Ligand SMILES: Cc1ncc(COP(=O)(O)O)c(C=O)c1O
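Quick heads-up: it's one chain on its own, the form predicted alone, in structure tokens.
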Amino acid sequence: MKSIDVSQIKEDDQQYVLHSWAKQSSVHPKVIQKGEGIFFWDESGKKYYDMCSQLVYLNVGHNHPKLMEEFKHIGEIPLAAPGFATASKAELARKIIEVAPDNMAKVFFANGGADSNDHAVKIARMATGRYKIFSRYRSYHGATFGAGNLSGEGRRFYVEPGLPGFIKFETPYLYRESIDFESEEAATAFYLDRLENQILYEGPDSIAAIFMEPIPGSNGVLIPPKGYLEGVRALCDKYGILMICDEVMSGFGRTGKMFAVDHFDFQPDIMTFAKGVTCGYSPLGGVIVSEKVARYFDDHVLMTGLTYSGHTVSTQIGCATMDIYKDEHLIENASAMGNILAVRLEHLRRFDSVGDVRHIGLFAAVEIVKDKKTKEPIIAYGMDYGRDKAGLMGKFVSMLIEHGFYTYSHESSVMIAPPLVITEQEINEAMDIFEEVLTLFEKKYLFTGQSVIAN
């Protein structure tokens, strides 16, 4: 391995790099020296369990040998503008359609998740002739101006005043709902009734699409109540609205199936993807459209595009990644290991600071609270961005990292989303660390008799 000058890297980083979502004076990043499987090592040689797959994209793990081999052949891959057909672009589109819901027909390639969502909005508006886009509170779709307007949490404030036509509606979040529903089905009926009212208030003939993460990720892995997504699909059909599902984080095996929508009894009109299609080894995203949407553009110009659409290197890496999912049975492993992780997560409910755990496959969040009875969050809504991570949640995540459990948090939820190559032994080792740190954290920062230290 080529030797690196760690001190020079850190000096250059501090002097020349702007880090996202952070006050720059408080940023002191570690340097990753190497990685393998679910592990990586920093400049001091300290080993970490990568329990969030970096930013929930490294599904095949660090330094996968098949992808490393693909990089050796980059010089053999011809570069080509989007107007050309290339072997890797055509092959990857076919492989994606083969595993997508059976109503899907074509793929438009983009650079990543945010711009994929931007292009999906444009496609929906062109295909319907309508302009309003519904998306949900407690969602995140990216930081570009368009995706920022789609997003429904605090990071969207920095693209406001926003674009006209973006309408927000509620995400079912049963743990924090003030109504005590008698069943999930009752909750579904309540939320769907409110959504239909909002559709009517906004004028159905003006609404192009309802845009949603089937399972919101960074906002806490919010599992929808029974029948909810199917109900949204029915409302879209009733009013001629396209249903768009953002699978940027949840796609490519993360939930134990190829896509999160595969857990439910409906099919979207459009899906967006990124992250797991190349597992971060090369930037790539895209928009998958149904047969009906694809046919519209047979006779209408698709008025969107970008320089690197279907970039040959990225799509080549994507083809190899799709082969890994199949050949190494990673989707099945995510489901099996998700069951192992679920047992450990449910065991966390005994802790005084654990308000809720939510999980599906290897996609999970642990919600930390100050008081189980009142459900007082450990950090107030919207308060974990735009300021130092000096609060209680920041302390907890820092303690996890110090003990070798690498992850991140959003508001009161800690993400747990390891690479899909993880084993049962590795899950148990990592969760042992999590429990040890949670015990120390409660003792040091939260509970002193009946008192709780303020955030």
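The first residue of the shown sequence is 1; numbering continues from there. What you see is a predicted model, and the numbers here were worked out from it, not measured in a lab.
There is also a form predicted in complex with the ligand; it is not shown, and the following applies to it.
Though the ligand is absent from this view, in the predicted bound form it lies within 4.5 Å of a heavy atom of just one residue from Tyr140, Tyr325, Phe108, Phe134, which is Tyr140. Lys275 is the sole member of His311, Arg254, His119, Lys275 with a non-hydrogen atom within 4.5 Å of the ligand in the predicted bound form. Per the 4.5 Å heavy atom criterion, the ligand in the predicted bound form is contacted by stretch 109-117, the sole one of 124-132, 175-183, 109-117, 86-94. When the ligand is considered in the predicted bound form, Val248 lines it closely, a heavy atom lying within 4.5 Å. In the predicted bound form, the ligand sits beyond 4.5 Å of every heavy atom of Asp269. When the ligand is considered in the predicted bound form, Asn149 lies well away from it, no heavy atom lying within 4.5 Å. Within 4.5 Å of some heavy atom of the ligand in the predicted bound form lies at least one heavy atom of Ser218.
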